[in-house]
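The chain below stands alone and is given as structure tokens, in the form predicted alone.
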Amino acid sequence: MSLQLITQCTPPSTAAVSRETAAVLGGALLGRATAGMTAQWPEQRLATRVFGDSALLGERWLTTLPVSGGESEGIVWRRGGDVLYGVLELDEALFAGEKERTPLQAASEEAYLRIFRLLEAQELPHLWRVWNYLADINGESHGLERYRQFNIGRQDAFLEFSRGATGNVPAACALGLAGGPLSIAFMAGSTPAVAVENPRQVSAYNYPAEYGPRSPTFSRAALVYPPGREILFVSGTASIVGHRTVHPGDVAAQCRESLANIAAVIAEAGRLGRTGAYALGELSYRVYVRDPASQPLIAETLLPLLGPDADIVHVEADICRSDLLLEIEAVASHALEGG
């Protein structure tokens, strides 16, 4: 085991690392009561509601390789071997004086430029997975929806660093929270990811101009290869067929459509990967729920599709389109032969 994700719905003070020989590469802590807690590793803190018996959700990426780390331009990072995990928060107010760009656009571009500079310095050029969170994602300012502002800044950074904005781009999600800074966590490595697209959908980076001046820069999923493992990252996935939202106003139908899209993505991953097919029931899921009142129906809809033993966490967040009621991301891991 060179890299493994563990999820614990318990306060971090009582959460133990499950493997004595493993070190924490980085992780996330989700829940409304995250202030004042400390971690010895890069940890993305998201002050939002976690549904269920626990008020906190802790995720940890564990590695059996020796770890080192540091801080670079506000990014707290650790690396184990040739895999790096980092976390960065940027306050949009720092960019309020910008004249040519909105504060969010400027913050997004600067965040990604800092990430690319760190990866270049660490000689780990390949960005595998990114988790993006911003306040009021569907709100409008400066005459443009904030998610679209974020997309402009993100793509500008990719282009400035001569990174392609289409094709082999990282898996990612972008969700909205009630407030707080732009928060980005990311994982990168020395080997390229294998981008996976969905035959049921237009690739996000090829969306038509009606969705904003710049298309989102992410792949539907990515297969990555730390030593001995094949990890499948499924990006935030919603009720979109082609490039259009389907089943507006119907949360149960959107839930089923989202899972149908994930099924199509993992079928492609099985075709492109080295370890064979993935099954819906083996993935670990994070479900983002726009309206807390709809969470019981979402859970009820997922139950017969994924089974009672599925690893599912429900979190309150806004989705990148105002007519989308939920979004689902997922991760799975297979051992490589001989690994």
Ligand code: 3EB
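The first residue of the sequence shown is number 1, and the count goes up from there. Quick caveat: nothing in here was measured; it's all calculated off a predicted structure.
From this point on, the text means the form predicted together with ligand 3EB, which you will not see here.
K.L.:
Among 82-90, 157-165, 216-224, 138-146, mark the stretch whose residues have heavy atoms within 4.5 Å of ligand 3EB in the predicted complex.
P.N.:
Answer to the contact question: 216-224.
K.L.:
Would residue 207 sit within 4.5 Å of ligand 3EB in the predicted complex, counting heavy atoms only?
P.N.:
Yes, residue 207 lies within 4.5 Å of ligand 3EB in the predicted complex.
K.L.:
Can residue 325 be called a contact residue for ligand 3EB in the predicted complex at 4.5 Å between heavy atoms?
P.N.:
No.
K.L.:
State yes or no: in the predicted complex, is some non-hydrogen atom of residue 151 no more than 4.5 angstroms from a non-hydrogen atom of ligand 3EB?
P.N.:
It does: once ligand 3EB is placed as it appears in the predicted complex, residue 151 has a heavy atom within 4.5 Å of it.
K.L.:
Is there a heavy atom of residue 25 no more than 4.5 Å from a heavy atom of ligand 3EB in the predicted complex?
P.N.:
Judged by the heavy-atom cut-off of 4.5 Å, residue 25 is well away from ligand 3EB in the predicted complex.
K.L.:
Find the only residue in 240, 75, 259, 169 having a heavy atom within 4.5 Å of ligand 3EB in the predicted complex.
P.N.:
So the residue touching ligand 3EB in the predicted complex, by this definition, is 240.
K.L.:
Which one, 127, 106, 266, 174, lies within 4.5 Å of ligand 3EB in the predicted complex by heavy atoms?
P.N.:
Comparing distances to ligand 3EB in the predicted complex, the residue within 4.5 Å is 174.
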